[in-house]
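Presented below, as structure tokens, is a lone chain in the form predicted on its own.
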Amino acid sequence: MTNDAWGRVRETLAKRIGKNNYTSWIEPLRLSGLSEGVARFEVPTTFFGDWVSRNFSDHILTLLNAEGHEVGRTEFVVPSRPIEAAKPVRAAAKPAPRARVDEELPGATLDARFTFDSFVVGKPNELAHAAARRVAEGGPVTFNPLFLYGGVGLGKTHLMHAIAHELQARQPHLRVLYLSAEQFMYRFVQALRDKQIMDFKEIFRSVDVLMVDDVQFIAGKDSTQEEFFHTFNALVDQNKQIVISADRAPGEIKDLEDRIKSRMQCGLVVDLHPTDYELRLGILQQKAEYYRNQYKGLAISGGVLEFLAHRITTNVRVLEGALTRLFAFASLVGREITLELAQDCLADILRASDRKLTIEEIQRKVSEHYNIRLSDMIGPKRLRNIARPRQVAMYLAKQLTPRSLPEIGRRFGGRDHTTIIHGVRKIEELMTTDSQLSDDLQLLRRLLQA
């Protein structure tokens, strides 16, 4: 069989099974022989060959026969010589980040843009960045796991990818596996269905670094949680590093088993806070510099980046998306990026960012968080388990809305503005000594501003 024919088969497979599956499972295959109705391939590991045989063998056979070769079965063999020699010869290596962490592992594709160099550090994320850097240096495990949490678009996934890229650059021999919690669950369910659970355990417990993104998605999935717990324990017992991210702290993930919460809290738990103005401006300045190089000669007026940093406060993804659109639009129409152009081009994003948070929304969210009735919050009851949440809601209403104290008082059952002042000051005093209250306020802010 000619290389051209095998190339055509590979191209068709890429279209049929998707880019990620193709990169993970087909690209590493090397056709070593085609005779007596058998197509023989060299593969990196036995597990790899078994996986391809179960999932893609039928596709390969169909396409080989369509090329005019009478093939009835496939064979996958691990060569005796080093694996690297068995892989297809590729173009000379370039100093770009690897597309995958480890081609033998069934993980997610890394984004080459998400490195430490492209991560803008500010006060809201400096601790998370420092902790991620420490893990990426390798060496003895100092905190295990590293648990990163925060709202959408605050940089959790960016830091996860950056750690993987840095580990691979520093210690290429390490087996680093990065994947989402949904992918972990999918692989586990598939292994159960195919009666390959021992292969699953071997893969996930033989890595040097396990990185699981958005772990909140396994909450409520009992069997997956069970396997995740045992995988976690096995790796910790071997002193292997684990990095986990979620949209909230371990103790706040509903339907996550207590033993898993406890395990996750044994390491370093770091919150990525919502961005402040300085951090948003820094992100925009870095992104703008990149686009200036991309769109040669495209000018941007002073004040535009400051305007966007002030107006778009939702999350970094929205902020970066707005700047991407602005540069693309200015390039297409051949105009300088001015404040007026930004207001016209980004009118819908700016309108969405101007959404006003209401006192009613704050009252409802705080009531849900503390499990009290909304009617009790605005009613006359003065029991401590109701009065404290009421003061929290008053504080948030003062901080997050432009409403006056008398207006806030009216929304809390017609209370006097002095009552609102007392409630706000009480919360400000307690925040410095009550860590649980401080955590509650951070969580509520994230939920209300999401």
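Numbering starts at 1 and follows the sequence shown. In this text, the rigid core denotes the largest set of C-alpha atoms whose superposition between the two forms falls within 1.5 Å. Keep in mind that what you see is a predicted model, and the values were worked out from it rather than measured.
Beyond the structure shown, there is the form predicted in complex with a small molecule, which is absent from this document and is the topic of what follows.
Here is the short version: of F217, F329, F119, F76, the single residue with a heavy atom within 4.5 Å of the small molecule in the predicted bound form is F119. When you look in the predicted bound form, the only residue of Q183, N144, T157, S367 with a non-hydrogen atom within 4.5 Å of the small molecule is T157. Put simply, E361 is far from the small molecule in the predicted bound form: not one heavy atom of it is within 4.5 Å. Mapping the unseen interface onto this chain, E320 counts among the residues with a heavy atom inside 4.5 Å of the small molecule in the predicted bound form.
Using a 4.5 Å cutoff between non-hydrogen atoms, P274 does not count as a contact of the small molecule in the predicted bound form. The small molecule is not shown here, and in the predicted bound form it never comes within 4.5 Å of any heavy atom of G267. Against the small molecule in the predicted bound form, the set G151, L279 and I283 is in full contact: each member has a heavy atom within 4.5 Å.
Of the candidate stretches 337-345, 111-119, 236-244, 162-170, only 111-119 contains residues with a heavy atom within 4.5 Å of the small molecule in the predicted bound form. With the core held fixed, R40 shows a CA shift of 2 Å or greater between the shown form and the other one. Core-aligned CA deviation for L61 between the shown form and the other one: 2 Å or greater. Between D58 and S180, the Cα distance is smaller in the predicted bound form than in this structure, by no less than 3 angstroms.
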